[in-house]
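Okay, so here's just one chain, in structure tokens, the form predicted alone.
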Amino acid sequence: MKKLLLGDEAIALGAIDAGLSGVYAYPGTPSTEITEYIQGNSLARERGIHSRWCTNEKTAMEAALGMSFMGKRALVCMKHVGLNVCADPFVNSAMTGVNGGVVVLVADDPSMHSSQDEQDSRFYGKFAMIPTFEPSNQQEAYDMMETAFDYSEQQCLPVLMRVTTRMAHSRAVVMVKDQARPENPVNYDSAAANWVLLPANARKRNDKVTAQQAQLEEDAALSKFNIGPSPIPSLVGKGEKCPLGIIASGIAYNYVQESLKTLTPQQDGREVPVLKISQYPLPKRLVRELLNNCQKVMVAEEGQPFIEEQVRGVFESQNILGRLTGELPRTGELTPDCVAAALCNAGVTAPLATRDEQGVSPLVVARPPQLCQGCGHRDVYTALNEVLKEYQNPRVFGDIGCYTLGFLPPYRAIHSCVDMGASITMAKGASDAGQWPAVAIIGDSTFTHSGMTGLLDAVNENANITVIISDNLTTAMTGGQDSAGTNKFEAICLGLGVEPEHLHVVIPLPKNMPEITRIIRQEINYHGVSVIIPQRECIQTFKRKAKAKKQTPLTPPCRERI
């Protein structure tokens, strides 16, 4: 059966068809659509596959390990910076091993379309000694899920699967199975000595996992997803080498193939040999074969020079081209054009057609993002700016969410945005340094994700800060997913020790501006921890609900039969 699927959707359907029992995730672009697809899938609902959003990526990873402990298959989804949040259980999961298969799907974001950095998650897989898969197209993404779950159970290790934004958010026709694999039954095969990471147990597991690496590398060399190096021309006895070979991974493999089809090879009529890598650890045997038959090798990979650095380090070759040597851009996404240009510079001539180096029409004018018309965050910033004009050198510490746009005109209201939950702890640190006023602004979903512990630190020291939890009743930035703390924020803050007289809930509307500004001013002047919760539903989710309600047919009144 054929289906037109996003890369994220192919991953989700591949997981369901591989016998998935639970997906655990926190929404983060470009990974969000995976969990949403599973939530809307009829078979997933019929089977009762767990698909509720988690509070953060750490809780997601730990819950998946709990499902694995019972023998069932679990998928964990996040964007790349989320892997930092769950690094503790992720790295330790190699030490515990798995019972039911675990696949950790991480969506990286080269060019930072919606992220703070260009982190490459493949380094985490190598660091944790966990096998890593990287599909190059939607069909591979679907097929890899079953292979990854099988391999996870075969090796008793979690598997990291890494995709990038273009892979996650582009569509292709995918051939899918007619019938999904049954879920694993619950079993009690987990060995407690593996899962209790006392030093004596962990040392034994560390020795075992380290010893597994040679087998994992050989499995990568034999993997059906690693193709090549091919074609290697027969040069035995001639002492000749191909002028250029290519190592490509992930979506960059498609750019290489597209370029080679449109460029004219200049290797004495020979084709350019290409090694495709989609399963790690790096299959050194395949790389060595390519290097032995080529004068130079170009590495095309999305993200950081992960393969390129290893090839240079292991083989001590100076004839490696790529991001580190400037043939390909050191930062940002690769494109078919920049890959084609790099191949031309390396000895493959371009077609006669000219290329637009920028790839962007001069007629397209960039439009900066802005808060939606009718958004409650607008009224929060309007009130905050109005009050802060009365103080000398106020500082507002922001966080991750739609409200980060408060940095841009017309508000220019925040001075920092580092990572999830940093607003409260940075405001506390600034206050410790003597800053006043020190204001933190954080969203509802971000507060429960990783802001609560910072508030507890502030309460424990009675820090001189004002915290604004701008609650729009959803995780708005990623499309309106459920927020873990909805209708619980007052209770949470009181439970953490915020004094009731310094905890306020307000409705951010223009008509309430005098009352809101009065409360903000009052709490800034209070020298201790205060919390203000502006609470108003996201305008986008409100519109969607209103539209859905309008389209729902009315149930006709019942009539008694005569």
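Predicted model only: the values in this text are computed from it and were never measured. Each residue number is its position in the shown sequence, starting from 1.
Below, we refer to the form predicted together with a small molecule, which is not included among the displayed structures.
A heavy atom within 4.5 Å of the small molecule in the model of the complex is found for one listed residue only; from N137, T325, Q116, Q257, this is Q116.
This chain is displayed alone, yet in the model of the complex one of S93, N464, T478, Q304 has a heavy atom within 4.5 Å of the small molecule; that residue is T478.
The stretch from 77-85, 407-415, 128-136, 162-170 that comes within 4.5 Å of the small molecule in the model of the complex, counting heavy atoms only, is 77-85.
Heavy atoms of C294 never reach within 4.5 Å of the small molecule in the model of the complex, leaving it off the interface. Looking at S249, you'd find every heavy atom of it more than 4.5 angstroms from the small molecule in the model of the complex. At a distance threshold of 4.5 angstroms between non-hydrogen atoms, P27 is in contact with the small molecule in the model of the complex. In the model of the complex, the small molecule lies farther than 4.5 Å from every heavy atom of D108.
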